[in-house]
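Let's start with one chain on its own, the form predicted alone, as structure tokens.
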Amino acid sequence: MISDMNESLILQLAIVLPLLTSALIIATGKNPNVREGVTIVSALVLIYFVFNLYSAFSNDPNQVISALWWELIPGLTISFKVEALGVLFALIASFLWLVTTSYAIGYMRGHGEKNQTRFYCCFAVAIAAVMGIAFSANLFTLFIFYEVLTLSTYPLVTHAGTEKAKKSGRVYLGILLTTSILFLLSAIVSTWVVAGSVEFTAGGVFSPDVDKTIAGVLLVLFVFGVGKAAIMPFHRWLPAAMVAPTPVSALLHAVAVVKAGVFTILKVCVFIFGIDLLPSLATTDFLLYLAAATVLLSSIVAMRQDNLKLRLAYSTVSQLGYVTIGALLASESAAIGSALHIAAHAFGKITLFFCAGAILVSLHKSNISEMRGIGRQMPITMAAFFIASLSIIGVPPAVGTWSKWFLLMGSIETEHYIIMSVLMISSLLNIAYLIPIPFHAFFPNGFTNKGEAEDSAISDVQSNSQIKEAPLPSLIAIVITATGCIALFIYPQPLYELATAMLETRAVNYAE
């Protein structure tokens, strides 16, 4: 474990290390084994740093672990601080950097991808941005690293270099930069003017007598400004980005981008507004029902997608809505559910995307209609797909069970029964668009007699049923994340403790 005098240094190294790694990746780019070895070693070191920060925080949640880089003007700094929600996010991202790197080695080589050095370099910069976001002490610092994350992932979205990839990249960059500059930056500046502070503060930064109309407008600016949370109508960048290689999709959906979005929403609701102020704002219910509409509409769109990655992309839009709903419900149970769902969705969705990439590399199939019977050829992959689907749906024995339980409890506690209904209906839709995929992979004819007629696609798969799993590094990653879905269901205590620690210090109760 690290000593007290070194905790601030470790905090800073957790942010700087991935940046240094990106330079080493460029330097060793001509030797793929060394380049990827550098990435793996750096990921392991980052996990060590973050785990030590987690241990130090868990041992004494009241101690202050912080670092100041630059004071622009009095009260406006680039600075960092360790707190519960940030630690949870950093633990997830650092661990999944290692797992995604293992997966990418098998995928990128197996698929013969070009520009692999650029891929690993940009990935490392994105992880540095995630660490900066996770440990930001204020909105100004978070905004800087939020923009770095957008810019560093743009080359990954356009990785293929085709016209379609470039067009998708323009949509990605256009929506995320427009929302952050027009809305998020405006919200941050306005918060500075109204509250006199942009520091993340337990209970929020606004005084009890703040003008509720102004605060309500600021809440709208924040929610719309965090485009990475993919609230409709600012969600189109996410399906557009599916043109990228599967490891990039995993980065976007589980490790970095969308998680940075919903993390920001939750952190703003808890540490800028405070969950006592939110229920008194006129715009809270509007945003809450907009998030609920996003959950339902994107689930319905997902059901209509035959391309597997597109179906998973719209599923992500829906699942992000859960975290936003939990933040806006403004109850302790709902906030805990939001924090837990960041972790649950990370492990579930990254596994699903890993499986989609494995199917593409091994069988060259990307459409769901072509995947009947592939369970015979890829039994491990499709079993992992089934486990991850259970987590997204929110049923045992997968970790998504806990997050959805707390979200439902939060909707009941706040008497938002329409939201409760939305969450339940959405889970049924999750079953409808996810479970048929592994079911038909293992039972291409359903439960009918084998002698009944089969279509040609099923016959082709069954006639060539030798094992064709993904390359070993990718398969190992799939097994690890699928196992994580179950392990975190059995032992969710560390996640729960961090989620509850986020709310332990409460400011004065706001009243209308």
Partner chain sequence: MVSQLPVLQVILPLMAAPLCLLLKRSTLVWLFCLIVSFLSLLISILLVQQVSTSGPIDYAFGGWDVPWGIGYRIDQLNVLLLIVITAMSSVVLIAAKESIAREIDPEKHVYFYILYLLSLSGMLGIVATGDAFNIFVFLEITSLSVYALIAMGRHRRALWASYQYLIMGTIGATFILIGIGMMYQMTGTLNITDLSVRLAELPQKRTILTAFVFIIVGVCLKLALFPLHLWLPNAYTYAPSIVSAFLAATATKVAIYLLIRFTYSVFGPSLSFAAIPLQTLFMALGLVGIFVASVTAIYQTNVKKLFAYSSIAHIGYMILGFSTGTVAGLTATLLHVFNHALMKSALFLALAAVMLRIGSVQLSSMQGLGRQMPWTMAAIVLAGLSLIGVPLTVGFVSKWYLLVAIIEQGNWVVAGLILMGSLLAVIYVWRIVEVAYFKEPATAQKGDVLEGAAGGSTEAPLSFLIPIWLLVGANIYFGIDTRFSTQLAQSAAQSLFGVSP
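Positions refer to the first chain, counted from 1. The shown structure was predicted, so the numbers you read here are calculated from the model rather than taken from an experiment.
Omitted here: the form predicted in complex with the partner chain. The next part is about that form.
The unique member of 220, 435, 173, 408 whose heavy atoms fall within 4.5 Å of the partner chain in the model of the complex: Exactly one residue meets the criterion: 173.
Using heavy atoms only and a 4.5 Å cut-off, determine which of 395, 425, 195, 189 is in contact with the partner chain in the model of the complex. Selected option: 189.
From the candidate stretches 332-340, 239-247, 164-172, 127-135, select the single one in contact with the partner chain in the model of the complex, where contact means a heavy atom within 4.5 Å. That would be stretch 164-172.
Check all three, 268, 275 and 280, heavy atom within 4.5 Å of the partner chain in the model of the complex: No.
Given that the partner is absent here, does residue 70 sit within 4.5 Å of the partner chain in the model of the complex, heavy atoms only? Although the partner chain is absent here, residue 70 would touch it in the model of the complex, with heavy atoms inside 4.5 Å.
Touches the partner chain in the model of the complex: residue 286 (any heavy atom, 4.5 Å): Judged by the heavy-atom cut-off of 4.5 Å, residue 286 is well away from the partner chain in the model of the complex.
So in the model of the complex, is the partner chain close enough to residue 203 to count as touching (4.5 Å, heavy atoms)? It does not: once the partner chain is placed as it appears in the model of the complex, residue 203 has no heavy atom within 4.5 Å of it.
Looking at the partner-bound form in the model of the complex, is residue 420 within 4.5 Å of the partner chain by any heavy atom? Contact check for residue 420: no, nothing within 4.5 Å of the partner chain in the model of the complex.
Counting only heavy atoms, which residues in 142-172 are within 4.5 Å of the partner chain in the model of the complex? Those in contact are 143, 144, 151, 154, 155, 158, 166, 170.
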